[in-house]
Each structure stands twice: as C-alpha cells, then as structure tokens.
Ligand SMILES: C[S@@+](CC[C@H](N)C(=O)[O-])C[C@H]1O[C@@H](n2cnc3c(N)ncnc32)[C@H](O)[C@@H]1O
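This document opens with one chain alone, in structure tokens, the form predicted on its own.
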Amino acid sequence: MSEDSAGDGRTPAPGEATTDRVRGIFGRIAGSYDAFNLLSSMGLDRLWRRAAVRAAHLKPGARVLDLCAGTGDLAFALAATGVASAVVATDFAPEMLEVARRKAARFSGPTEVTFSVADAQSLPFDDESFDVVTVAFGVRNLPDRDANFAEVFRVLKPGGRYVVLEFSRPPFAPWRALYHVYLRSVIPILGSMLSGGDRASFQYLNDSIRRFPDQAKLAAELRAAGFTAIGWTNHTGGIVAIHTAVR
C-alpha cells in the first residue's frame, strides 16, 4: 500500500491520517521538524509543552509514557522536572526518534529518558504499567483514535492520568478565521522552505488540524473510552487545548 492510499485502497481525504501517509511524512520531515515547530508557533510551542507538564500532575517516582514523542521535546520537559522515575518516549517513525536520541546525548537530568519504536494504537507494554501517559500533537495523526484511547486506558494504572496536547478550535470566530488563514497560507510555505520543497507534507499538517474534532467532541470520545474527570484548557485563544482524563 502506498502512502497515498488508505487501508481500503482508496485515496485518503485531505488531512486524513493513514499509517503509511503519517509514517512517510514524519520520516521525511524529521530533520526540519524542530525548526518548523519553533518558527510556525513563534516559540509558543515551548510554553504549550510546559503547560502540558504541569497538567500531568507528576508525583515522585511516577512512570511516564510519552506517545508520538517525535524528536523528544515533551519527554525531555517531563524528565527535566526530576519528579518522575522514568520517561519512556515512543513513536512509530524511527527517523523522529533518531533525532530525539541525538538530543538525549546533550540532556542531563536525574530522570532517564528511554526510547522505543512503537505504535500508539498497539502498545508493547503491560497492563497498568504507567502512572501518566502524555501525547503532544500526535493524536490527530492516528488513524484509529479509539484504539489509542483503549490502549492508554489499558496501560495506565487506576487513577492514572492521560494528557493530550493538541491543536484545536478557537472558540472566538474572528480569531478562528484569522488562524485558519495562517494555516492555509503560511504553514505549507514555511514548511516547504525549511524542508527543501516538501510542501505536500505540511499541507497535510494544515488539513489535519482543520479536520480534527473540537474540544467538546474530543472530550466526548475520551468519555466514551471509559475515562473520567475529563477536562480541557485552551491556550493561545484555543489554537491548542490540553485535555486531561483519568483512568
């Protein structure tokens, strides 16, 4: 199956996540991903990750699983607190994790970060083996969110916390309209410049954000998966939202 086909052989819709499409895109853009994040968010991505770390409510000795970890920035931010006993960073694009491993050589802190190539929809971990599971800008790239939610529910300990940092829907219509103009007009051009001409990959990122459920709909999906104490906070006017849910 090519990256331009869905599991049923058809051509996927704009922004639709398929395994081959997502793995191919992030494999290609791994080298420019960090620069793209910094420039496209105007540095706000760092603030969003710090907020996600706070939302994790880490307790001393906690074991943390970071899904769709990419180049490792959220995993390292979690480890830098020194609260968790271990952070396991996973991604199904090995090219992204290779960048994270190179960054790990420069990371110093009391909490070890380890890496594993793994699919967030089928995790190779025991039941009830983590206190916290996090994911930053990865849930919208999963072809089967229900499978991910079921797997997270399985590997979390009772009372464990799932933290989802993701692009969302600004509730204020004029701000939302301006944001969508930025997504449509700036993101593909900026991504193409940084990646040496790979405009299509960054067009997918734009389309995937616009296709993703809004805050209330994502909360409903988490509730249907069995999570409780579900809530979210909007950041930068709702450009991103941090959802939290308890197993």
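Note that residue numbering follows the sequence shown and begins at 1. These figures come from a predicted structure and were not determined experimentally.
Just so it is clear, the following notes concern the form predicted together with the named molecule, a form of the same protein that is not shown.
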| query | finding |
| --- | --- |
| Option touching the named molecule, based on a heavy atom within 4.5 Å in the predicted bound form, out of A84, L156, V113, M96 | M96 |
| The unique member of F149, F76, F92, F130 whose heavy atoms fall within 4.5 Å of the named molecule in the predicted bound form | F92 |
| 4.5 Å heavy atom contact with the named molecule in the predicted bound form for all of G70, Q121 and L142 | yes |
| Close approach of W48 to the named molecule in the predicted bound form, 4.5 Å, heavy atom | no |
| Close approach of G138 to the named molecule in the predicted bound form, 4.5 Å, heavy atom | yes |
| The named molecule contact at F202 in the predicted bound form, heavy atom, 4.5 Å | no |
| The named molecule contact at N206 in the predicted bound form, heavy atom, 4.5 Å | no |
| Answer range among 76 to 84, 113 to 121, 156 to 164, 170 to 178 for contact with the named molecule, defined in the predicted bound form as heavy atoms within 4.5 Å | 113 to 121 |
| Heavy atom contacts to the named molecule in the predicted bound form at 4.5 Å, residues of 22 to 40 in sequence order | V22, F26, Y33, N37 |
